[in-house]
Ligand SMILES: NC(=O)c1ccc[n+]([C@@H]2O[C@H](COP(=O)([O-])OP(=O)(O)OC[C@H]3O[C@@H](n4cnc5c(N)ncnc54)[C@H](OP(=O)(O)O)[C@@H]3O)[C@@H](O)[C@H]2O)c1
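Here's a solo chain for you in structure tokens, the form predicted alone.
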């Protein structure tokens, strides 16, 4: 574990994540993480815990998630397809991070149910309890009705776009981090670029997506902004805080 923490601290330092000034104190701050047992979520909860947050991950099957992910986390049971389940899980937290996604193109856990209806539940409940910052991981082409991904995956980008719009209009302090094609190589190997606009094939390591997500949490420079995070193949790294400050608000 000490080796893992040392590697995380080194990764944070080389890409400019000291963030002591713009980020408010995380002491005694609680973060609810939805989708915590997924490929990106696992990195997020570990990084949050190492930075001193009280982390509350959620899963439809918390016992299985705890056994699979490991670590010392207080898992809560939550099923996004049930408003009652969401109501019961989203309580006594300061922040919400969502890293979930639909697991099937059609059916109970399809994009309409999970990426739109369930996410709308989450946003509404977070608003009702006064969450201080809601960070949503979305997709690079969210809201694009013409993407071929919609035909293959149950209009996933349309539903994600609606969820983004609902968050923007909710009145919650928010940040939307749009992820492109995700890969599972170690993070920290290539520069991370934050951009508004741009096109073409873009890729990002899941660990780097988690790094960006943790960096924007409770960060004034990220509030009210939507952007794509991607890896650059080469070039100098620019500190994430500097990039965040240069992004335009929605």
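Numbering follows the first chain given and starts at 1. Owing to the predicted nature of the structure, the values given are computational and were not obtained by experimental measurement.
Another form exists, predicted in complex with the ligand; not displayed. Remarks below refer to it.
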*If we take heavy atoms and a 4.5 Å cut-off, which stretch out of 100-108, 87-95, 163-171, 126-134 is in contact with the ligand in the predicted complex?*
100-108
*Would you check, heavy atoms only and a 4.5 Å threshold, whether residue 186 touches the ligand in the predicted complex?*
no
*Non-hydrogen atom contact residue 179 with the ligand in the predicted complex at 4.5 angstroms*: yes
*With a 4.5 Å heavy atom cut-off, would you call residue 81 a contact of the ligand in the predicted complex?*
yes
*asked:* Under a 4.5 Å heavy atom criterion, is residue 46 part of the interface with the ligand in the predicted complex?
replied: no
*Considering 225, 60, 51, 190, which brings a non-hydrogen atom within 4.5 Å of the ligand in the predicted complex?*
60
*For the heavy atom contacts within 4.5 Å of the ligand in the predicted complex, list the residues of 112-148 involved, in sequence order.*
114, 137, 138, 139
